[in-house]
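Quick setup: the structure tokens below cover two forms of a single protein chain, split into structure 1 and structure 2.
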Structure 1
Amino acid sequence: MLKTFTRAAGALVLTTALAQPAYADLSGTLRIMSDMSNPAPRAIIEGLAADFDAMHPDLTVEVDVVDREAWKSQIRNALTADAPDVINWYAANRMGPYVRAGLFEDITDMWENGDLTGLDSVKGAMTMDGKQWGVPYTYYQWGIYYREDIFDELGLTEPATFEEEIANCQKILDSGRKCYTIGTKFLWTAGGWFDYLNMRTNGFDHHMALARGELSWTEDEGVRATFANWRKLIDMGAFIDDHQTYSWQEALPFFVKGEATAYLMGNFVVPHLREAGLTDDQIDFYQFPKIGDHPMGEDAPTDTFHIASNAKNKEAARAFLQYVTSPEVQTKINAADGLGQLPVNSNATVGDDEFLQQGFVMLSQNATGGIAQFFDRDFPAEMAKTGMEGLQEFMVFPDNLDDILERLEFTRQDVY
């Protein structure tokens, strides 16, 4: 049968010996719409589609890769008009609008009947209203990536506390460099800073209560304490200038050239640093330092696959979800030469890579406060949009804090 791969050039074909599921007689067409548009993720999804197609001679697999940023505004239309069978999205609260709208298929039976073994630790991120609405396929740590060679030059060590972080920053500034690069043009990177400063200042439970709309942005003293800690860094001049004009990728050269020494970012930054010419001897990673006496909470965004409620080939879609979460496929696609992230199946193997291993140890041993998804995934979409606009504004105009908090509180009362 003809196999059609829309925009499938350069597919990374995985071994067909992997994960033979119970769905041996699949037929028809399986349509996958994916936002894995960056080069490495694109190769992975195209490889998965090619491999799954080869495993099922009577099935034609089509994969359509769309721009990751554009997908955030296109997904609803895609799910309502000629819906594909399988799509990419995000775990936790970000599933909410599509679950409540009846656009995601309930696959609770797959979680309960043993089709998805090894995923117990991530089941909660896929659960809403006591049911499961998809599967995860990868997750990754956030933390502070830094120029180890510059730290060595300045006699700095990895800080364990915020006081040590600030002391390091002052020495970095004194050397003529900035402490942190960041590009806030698309807002979400400022959300990462707020997540960590709030989790460290007030604890994970406070942060999640704020995300659920249970705390006032204007009345809660903890919220103001978080911004006060953030302002210490802003007033020092810790961040690069004009960061609101850069994307996160456009902010990379400041780190690569040594003009800024650290980047609070997800582990997906590592391939970019290596491709820019930095060696592993020049870069390292540490957990965001402690501020208050709270168990350490961490951001570990989880990317997911879902079946559209209007899918035409749900049998094949279910088989694909089982296939992609199997230990063998999880090990392969999350390896250092694949996505370079962490596998979600407890029976998979973490890639032989310094940063993957550090992330795995941190998340499995020192994230006792809890695992968050990320600002724009944990907060409802409208709250996240207004929130990140305010966070970026605060980084540029910290004196506007009262006005910013008033807007966030107005939005909170409207959204929740």
Structure 2
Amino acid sequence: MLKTFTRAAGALVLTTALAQPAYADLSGTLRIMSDMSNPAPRAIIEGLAADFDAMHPDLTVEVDVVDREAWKSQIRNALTADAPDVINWYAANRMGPYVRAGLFEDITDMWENGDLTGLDSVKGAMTMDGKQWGVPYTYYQWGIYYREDIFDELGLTEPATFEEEIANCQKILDSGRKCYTIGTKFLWTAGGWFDYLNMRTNGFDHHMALARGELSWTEDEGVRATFANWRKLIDMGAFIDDHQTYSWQEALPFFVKGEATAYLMGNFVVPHLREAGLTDDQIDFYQFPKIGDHPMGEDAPTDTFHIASNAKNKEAARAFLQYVTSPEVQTKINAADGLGQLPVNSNATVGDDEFLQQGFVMLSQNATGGIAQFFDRDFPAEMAKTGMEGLQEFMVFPDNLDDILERLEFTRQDVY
């Protein structure tokens, strides 16, 4: 009943009521530099800025949208010279360089004084050295997206264990298709496979210890077990050929044409599949099946907002962070017609979309192991780069495993 009322009351009225008293006298200019450069995210950030601007008559909100890929290297210049007030980035280890260099503002007080409520589940991803350095605004699940129609045709059901996964895959291969499409040209897609295989084989804690550099790539038995499981799939011929030549988008047609039946991917793949002409009856989603007896860990990369330490209008910046994470705004921007992702606030409503609903249930009820960010966000940058290159090589030449692990170990000794 209360929820219905909240929704009916409308987002704007409530947020205005909440935010106005605390920050009624915001003035000056709020400069936001954002990497939300794809069409849908761009509309969201521009809408957010316009709404926030309208709420505060004396405040001017300026948005500068930078290409998402370019931003990954431009953020350094942006934070050091004439810093904007609010910027986009990623949670967890990816914050490290900026936190250590003192370029992100410490906003622990906001997390502690009750300005940010309903965000407990994502607090860990924003914490570094016991302090919080920003707020999340969206995240999304990873999982195995598959062709429901082909599964029906072959009489397959969603597998719950790795044995079932392999049995399914064998039937798919026998029907003349590949089990999984993947494009590893830009490496990270292979990182997703490793994340899941390792979290399932050895558990979430093992995976995080590996990410923190506490385990040896060559000595640890668990790591080898993960690669052995992966190898089962590779030796079956489960993955499409020549995947090292394709980007993740170039691997989509295999799925769309039905030459491969599944794709381990983030939820952002769904709009691409729909645009390619697949209906929701043809696509479905399941959680990566269980391998060892461990609570399931999941990848759910979180995108964030931060305040630059050199910001000029920190008061307005803080108000904006609070605004973005409020339940109403979270519901609105993550809705199916917005970002189409999951809201970070537990009081927000998940978008009306079968994949968002399934993903939300999976992450909130069936990810008891823990939530990881992703291979290239959990591992330090250099380890991630060498690591993903090794994973790609392993997928093409599994016999090179010993050599690959030695290289990763060499990098580990150097990085941590």
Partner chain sequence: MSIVKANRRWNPQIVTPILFLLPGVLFFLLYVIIPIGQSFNISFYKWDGLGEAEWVGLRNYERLMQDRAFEVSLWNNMKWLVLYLLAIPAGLLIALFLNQTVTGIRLYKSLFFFPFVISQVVVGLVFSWFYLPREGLLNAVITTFGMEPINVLGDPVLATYGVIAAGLWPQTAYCMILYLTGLNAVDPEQIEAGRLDGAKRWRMLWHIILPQLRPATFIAFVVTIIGALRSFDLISIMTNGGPFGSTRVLSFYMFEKALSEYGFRMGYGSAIAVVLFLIMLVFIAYFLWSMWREERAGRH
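In this text the structure is predicted, and so the values were computed from the model without any measurement. Each residue is numbered by where it sits in the sequence of structure 1, with counting from 1. Here, rigid core means the biggest group of C-alpha atoms that superpose within 1.5 Å across both forms.
Peer 1: Of these two forms of the chain, identify the one that is the form predicted in complex with its partner chain.
Peer 2: Answer 2, the form predicted in complex with its partner chain.
Peer 1: Could you tell me whether the Cα atom of residue 82 shifts by at least 2 Å between the two structures after core superposition?
Peer 2: Yes: residue 82 shifts by at least 2 Å between the two structures.
Peer 1: Would you say residue 372 moves its Cα by 2 Å or more between the two structures, aligning on the core?
Peer 2: It does not, since the residue 372 C-alpha is displaced less than 2 Å between the two structures after the core fit.
Peer 1: Rigid core superposed: how many angstrom does the CA of residue 54 shift between the two structures?
Peer 2: After core superposition, the C-alpha of residue 54 moves 3.2 Å between the two structures.
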